[in-house]
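Considered here are two forms of the same protein chain, supplied as structure tokens in two stand-alone entries, structure 1 and structure 2.
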Structure 1
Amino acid sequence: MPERKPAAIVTVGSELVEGLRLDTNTREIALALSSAGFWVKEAVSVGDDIELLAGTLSRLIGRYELVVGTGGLGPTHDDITREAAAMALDLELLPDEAIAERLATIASRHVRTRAADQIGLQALILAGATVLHPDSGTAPGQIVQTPRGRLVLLPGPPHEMRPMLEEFLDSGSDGVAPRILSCVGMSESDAQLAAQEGIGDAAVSLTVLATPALVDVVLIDDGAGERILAEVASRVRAALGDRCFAEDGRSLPQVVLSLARDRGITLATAESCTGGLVAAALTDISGASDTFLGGVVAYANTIKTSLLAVPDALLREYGAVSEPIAAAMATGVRDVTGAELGVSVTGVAGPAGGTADRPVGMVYFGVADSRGVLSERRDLFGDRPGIRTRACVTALDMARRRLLER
């Protein structure tokens, strides 16, 4: 693998430098560039100040082989990136007819007002630039040659930026793709130890990325080459065991849906403290409808009895956050929906509502299928969103493990 090429990232927007929005693009772009053989040396955020941005771009273009900018490509007067880049590179901005036409169509369908006049600004392209067409959103991206390399301009919204960044990197990357082993139910440090043993003294570098309840082990070629990287990945995979649920970038809901689909098993959810997050995670995947039938958000106890047929006596005896109720919710949703596999969650997400017997973070999970029902308690930590996210991931993982046994 060739030496890593120096790069910089620029994010544009007063909302970033004034603290009104958290910048997550820098991290995402930096990680993608690192994996694609670049070495990011600095990352700059600037407000909507055209002189300052032009100066910043000019400085970075003069110093780095690759400069990736995001933001400021929209249709308002705040969107100064096109113009600043034109100033920095001394290039003209020219309207692209095909883009202008597409934007006009969008404007006529969706925008009812004077804003329609402004949308056309997004059709202005730096002379000689390659256009990155948007999958969603309206702003195209642009790639332009600079004296030392390239300047890439991408839109700010992460879901618009992401596919264009991938398109750019796919077209020019000459590195070995990193291996990503996605794990659930283990700590960042355990994942790191397991991975370090598998790497040994191979020229493979390791990054461990943790989000609540999930850990990605990223193995990056650092001179080892494709074959050695594959061997390392397979050793690390063995050490991680069944806590590793994907080696191909698929998410946990994707894995659950495809395991179920392969086995001809339909799914349904019964949720209390996660309040719909498990169903939302599954239905986020296109094509979920052939496998996921639906579910019940049984937030109030009356819904647990009326829609899931949880016996009122059981609720009175054990309380809503208990093993018998998790089991009854899982069997209940299976019965009312006709799904083969029912998954349930009931717990205390906090911050209010915890007691000595039922502390915040105490969550019960149930899985029911034609072979029977099992339920399990976990004590999760974090604030309310953290506990809900961890509970959602744990419920999906219980479904995954049950499906693996089938």
Structure 2
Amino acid sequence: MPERKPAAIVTVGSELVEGLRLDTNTREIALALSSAGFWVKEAVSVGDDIELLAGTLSRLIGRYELVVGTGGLGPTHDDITREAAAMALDLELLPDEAIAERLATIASRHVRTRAADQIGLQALILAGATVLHPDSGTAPGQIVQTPRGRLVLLPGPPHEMRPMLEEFLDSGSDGVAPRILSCVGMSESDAQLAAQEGIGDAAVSLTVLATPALVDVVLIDDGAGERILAEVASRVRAALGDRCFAEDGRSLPQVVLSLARDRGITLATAESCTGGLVAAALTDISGASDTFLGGVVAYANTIKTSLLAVPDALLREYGAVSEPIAAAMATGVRDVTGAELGVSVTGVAGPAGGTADRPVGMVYFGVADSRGVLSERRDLFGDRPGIRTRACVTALDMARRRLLER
């Protein structure tokens, strides 16, 4: 198998380094490059400083076979990537007549003459560069040869960047896409050790990415090839066990909805401490309406009794954060919505409200269907957002497991 070629990514914009906007391009580009046979060894964000950017580009193109930059190709005063690249490569910027003609129509819509002139700056192309024409937006991308390989300049907005990146990579690649095995309820260390058992001595690299209650095990071809990587992924999934819910990039809510759809089962949620996070996670998925009927945020006990028919006597005896109440909420939301499967959450998210008997992080979950009701206690950790996120994931996973039994 061919050795993966080293690459680097540069995202340009003061809004990124100053925290005003989140950089999502690096992740998307890195995954795409990995699938195309490149090994991203460095990623850097640079503010709108032309000398700093020129120096950064000069260093990277002297070290890597491929450097991909995004941002700074627009028409405003802080779009300095073209000029910085010209400085780094000691190349001229030359006007492209076809691009200039297209931009002239766009420039005519501007009232200020200077604004129209700035639009035209996007027609400046590095001498000898190949142009990547935009599907949307106004800024073209550019591919230029460097002493070691290529520099690819792409616009910053993801919807403009993405088709140009695909066009560049479609010109030919011999890479193998990484396998991502998504797991729930595992620590990073446990996932890493289980994955290493499956990898053995295969030429496959491992990365473990964790968020609250979720872990992605990323298997990267390091010379093994498609067939061996697939075999490794199968072994790793077996080692991870039923904690692994997907190896095709689907999220946990997507998996839950897919399982319900395949089985013809409708869902409903009853939430207290999560305040609707479970319902929101499900309805974030397009097409959820054919499976998810709705949810009740029963934060106050009066709502638990009036909307979910939780007996007041049960609340007085056991308290709102308890196994019987979780079971009653799951049954109640199933009854009130007509859903086949009801899922409930009630707990103490903190930081206030905890007691010796009901400490912060104590959360009860319930799932109810035609076969009966199952309720469980989990002791979750973290701050308030962390506990609520972990509770949301746990509720979804309980629904997934219940659906797998059907």
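All of these numbers come straight from a predicted model, not from anything done at the bench. In this text, the rigid core denotes the largest set of C-alpha atoms whose superposition between the two forms falls within 1.5 Å. Every residue number counts along structure 1's sequence, beginning with 1.
The second of the two standalone chains is derived from the form predicted on its own. Core-superposed comparison between the two structures: the C-alpha position of Arg148 differs by no less than 2 Å. Superposition of the core reveals a Cα shift of 2 Å or more for Pro163 between the two structures.
Residue displacement note: Asp369 has its CA displaced by under 2 Å between the two structures (rigid core superposed). On rigid-core superposition between the two structures, the C-alpha of Ser45 is found to move 3.9 angstrom.
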